[in-house]
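Consider the single chain below, provided in structure tokens and representing the form predicted alone.
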């Protein structure tokens, strides 16, 4: 099996349930990564598993995406469109977050007839050529350097910088922005800056693209972080938890905008497996589970509970948080690397951030119970005591 890391975690998973996974030896781990904000409704969610089994028995792949009517796609797109803000009334299904970003960039160029694309420094959007081109320098340069040349006419501005918004102009096709910067170590937006960003894009006719791949599907305490901050983008990229644990991505926009892919040229984006019916069935089941069990309404309280309990340790310098997405700042990378090993020993799976190796991640399944949070925080304190 190919690897892209010289030091993989090397913990074998035999089964996963709720907020935990277990090794063949029976060792239990608290999952504080959730597959990087994928497993929002918990591992082994009964309703999701049953939806997958039923759909697999009915039919799996039958034709390239968009050519036939497949009920899981239609139903899921309808439900997502009902929940998205404003004029975002249409969903195009793809396979992954990176592909969703690629589609969004193409759509912005196609709709505006322009070529310039703008991203944020310390942004992460994926590893395909277009998505990698939008990884903000200088932090993204470590990943980009050996793969150049990448997309031309791309530049980065600073997240939360009002001054840098002046770089968005009538040449700009699209501005790609995480609502909360994930791999930068959970950096929250200035709400006034988000409003100014929206206004600037409107004024110059640029498409505002929100990357909600990590923040979507309830992670920040709202179904979509854009709704939490009251900003309506032109395009939204979805993935990770969007598939309920199955591989699925999506691009949401106004139907008139997405219809640009139907002509000049037609088939403006083609995907064979995008919107796979089993993946859509899983995503729809996960969404229904969250709504029926008021999962999103509990996220802020649970996140605040983690923040309060973990912050009591004197090794913790700061906690940056949006809902159940937390970065616990230790200030030293050597602390972080040692803590990851201690976590593995005592039964916690966490991780750091691509652009922040001084903080560890807390992003468990949104279904984690308050009793589990208390138990987990006790273990975190024990681990921090050993630093």
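Numbering follows the first chain given and starts at 1. Owing to the predicted nature of the structure, the values given are computational and were not obtained by experimental measurement.
The discussion below concerns the form predicted in complex with pyridoxal-5'-phosphate (PLP), not included here.
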Would residue 276 count as touching pyridoxal-5'-phosphate (PLP) in the model of the complex under a 4.5 Å heavy atom rule?
-> no
Just to confirm, residue 213 within 4.5 Å of pyridoxal-5'-phosphate (PLP) in the model of the complex by heavy atoms?
-> yes
Would residue 124 sit within 4.5 Å of pyridoxal-5'-phosphate (PLP) in the model of the complex, counting heavy atoms only?
-> yes
Is there a non-hydrogen atom of residue 233 within 4.5 angstroms of a non-hydrogen atom of pyridoxal-5'-phosphate (PLP) in the model of the complex?
-> no
Per-stretch contact check against pyridoxal-5'-phosphate (PLP) in the model of the complex, the hit in 95 to 103, 151 to 159, 263 to 271, 193 to 201 (non-hydrogen atom, 4.5 angstroms) | 95 to 103
